[in-house]
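Have a look below at one chain only, the form predicted on its own, in structure tokens format.
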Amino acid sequence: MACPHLSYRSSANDTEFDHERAYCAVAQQFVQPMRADICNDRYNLAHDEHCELYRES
């Protein structure tokens, strides 16, 4: 199950992106692809175990 705090956005403010970017509601910022992999529980990672932001929320 993916992190409930992660969403993908195709724009921010007045800027449109070429592709959707991962946004973390806990950090209130766009995150790097590796962080999104943790959020999506890829590569034997688990957001509830490996993400310090999720654990602190």
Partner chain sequence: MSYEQYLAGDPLIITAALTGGVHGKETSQNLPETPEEIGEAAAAVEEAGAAVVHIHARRPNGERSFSTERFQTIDDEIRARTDNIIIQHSTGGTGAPDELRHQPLRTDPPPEMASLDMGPLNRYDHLTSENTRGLVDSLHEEMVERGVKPEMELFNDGHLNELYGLLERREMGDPVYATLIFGGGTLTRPRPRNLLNAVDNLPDGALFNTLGFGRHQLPLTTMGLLLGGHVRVGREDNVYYRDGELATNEQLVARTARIAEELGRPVATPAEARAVLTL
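Residue numbers count along the first chain shown, from 1. None of the values given here were measured: they were computed from a predicted structure. By rigid core we mean the largest C-alpha set that fits within 1.5 Å across both forms.
There is also a form predicted together with the partner chain; it is not shown, and the following applies to it.
Although the partner is absent here, Asn13 is not a contact residue: none of its heavy atoms lies within 4.5 angstroms of the partner chain in the predicted complex. By the criterion of a heavy atom within 4.5 Å, His50 is counted among the residues contacting the partner chain in the predicted complex. Taking non-hydrogen atoms only, Gln32 approaches the partner chain to within 4.5 angstroms in the predicted complex.
In the predicted complex, the partner chain lies within 4.5 Å of some heavy atom of Leu45.
Taking a 4.5 Å heavy atom cutoff to the partner chain in the predicted complex, the contacting residues in 8-31 are Tyr8, Thr15, Glu16, Phe17, His19, Glu20, Arg21, Ala22, Phe30, Val31.
After superposition on the rigid core, the Cα of Glu16 moves by 2 Å or more between this form and the one not shown.
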